[in-house]
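Heads up, the chain below is alone and in the form predicted alone; it's given as structure tokens.
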Amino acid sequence: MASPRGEFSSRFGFVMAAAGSAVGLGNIWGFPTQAASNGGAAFLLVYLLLAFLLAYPALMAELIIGRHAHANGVTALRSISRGPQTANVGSLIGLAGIFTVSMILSFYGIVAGWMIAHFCSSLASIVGLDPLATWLVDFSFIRNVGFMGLFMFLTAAIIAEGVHDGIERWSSRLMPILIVTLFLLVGYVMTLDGAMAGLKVYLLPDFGAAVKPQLIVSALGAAFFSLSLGAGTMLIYGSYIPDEGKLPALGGWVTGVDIMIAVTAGFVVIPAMYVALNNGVEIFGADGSLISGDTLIFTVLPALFDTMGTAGVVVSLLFFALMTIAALTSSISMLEVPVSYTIENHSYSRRRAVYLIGFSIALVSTLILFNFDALFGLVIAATTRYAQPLLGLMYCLFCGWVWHRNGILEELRKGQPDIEQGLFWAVWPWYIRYVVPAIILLIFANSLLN
């Protein structure tokens, strides 16, 4: 039965939207340096293995719950509960997911605003407005608030158009642009002196490192967070899948596209870092590890672009366009989580809900900027390191232990009547019950210890 809430009109639209949600800033700046610092190709092999052993089954749990309920996270978890007590727990988990994803978007909007500012700085340099270009890359409250507000407005404008005309249409446009831009950057970076040294670091395996517990745990975390799990975004996108959709195949496509983009980003970032080293830019921290995170994006790579003359301005423009698109495809899925709940449970119109919630999150972002040193890192740690894995655990437990097995099978049969005869149904039900929760707890314990 078609959902009156709106739904994705094609498999391509869903895959682009869901992969866009999964492909965020962390895929492009975090994953490559993690790989290079943890055994190169050995890390890649472990990551690829774990992406399908952990991330794919957890993704399927969210998609199946969402498609079954055709509703927001609170209503969806209540719909698969066995009684009043588990229904109340489901409501709390759903509300916690809404709060968590809203707080993630509050700091994400700040970082995405920096990406837009750097993109505009490259444009200003091209037309000769050097003072403006310098101001755009300097850290200031006015710049930060202004570009955060611009990014939140772009996100809200897309969400306000609905599932088909907003999320699906723009994801189907932005994701192909992202992929083409990524491959253009790979092609160009590979022509530069020093790129081959970075490629060796990225692709030559250190199998001794591959068996280290810390590498395995790091790869587990990368695989889990790479698919944007635990925040309820995939549950919401699952709720917009038509009943005739084949969920295991759709989940496989999303996982595959996400992995492809994360791995391909490594062919840009790591060779670019060694090109920077070849040009005299420092790429190692005090402990000898490769620089990563915001220092990589806003210090190391811009310093590289500066050494490249006119070509560097063009490459900078393309790179920060790539980062802005990656941020936007993720943010629209984040904002949709609280918006869908507000529309369905409080009878708000879509536009009213979008702009009210978007403005509220922008206010939280402004508060973070007022107290940046104290709040920015705290919000990131509380949401991504602690809340997200715990929420992911709860979604898996609800799917594996609370929801009746026959109910899950009935849901999967809607799009794939012979699902019971295949490998997916032979493995996934017990896997989501026992294996995935144990792995998520391992990731969480590692976060606490570190």
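The first residue of the sequence shown is number 1, and the count goes up from there. Nothing here was measured: the structure is a model prediction, and the numbers come from that model.
The same protein has a further form, the form predicted together with a small molecule, not shown here; the description that follows concerns it.
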{"item": "Stretch from 329-337, 245-253, 166-174, 195-203 whose residues place a heavy atom within 4.5 Å of the small molecule in the predicted bound form", "value": "329-337"}
{"item": "Candidate from 77, 272, 262, 231 lying within 4.5 Å of the small molecule in the predicted bound form - any heavy atom", "value": "231"}
{"item": "Contact assignment for the small molecule in the predicted bound form, among 315, 283, 104, 112, heavy atom within 4.5 Å", "value": "104"}
{"item": "Heavy atom of residue 27 within 4.5 Å of the small molecule in the predicted bound form", "value": "yes"}
{"item": "Distance check, residue 108 to the small molecule in the predicted bound form, heavy atom within 4.5 Å", "value": "yes"}
{"item": "The small molecule contact in the predicted bound form: residue 121, any heavy atom under 4.5 Å", "value": "no"}
{"item": "is_contact(residue 38, the small molecule) in the predicted bound form, heavy atom dist at most 4.5 Å", "value": "no"}
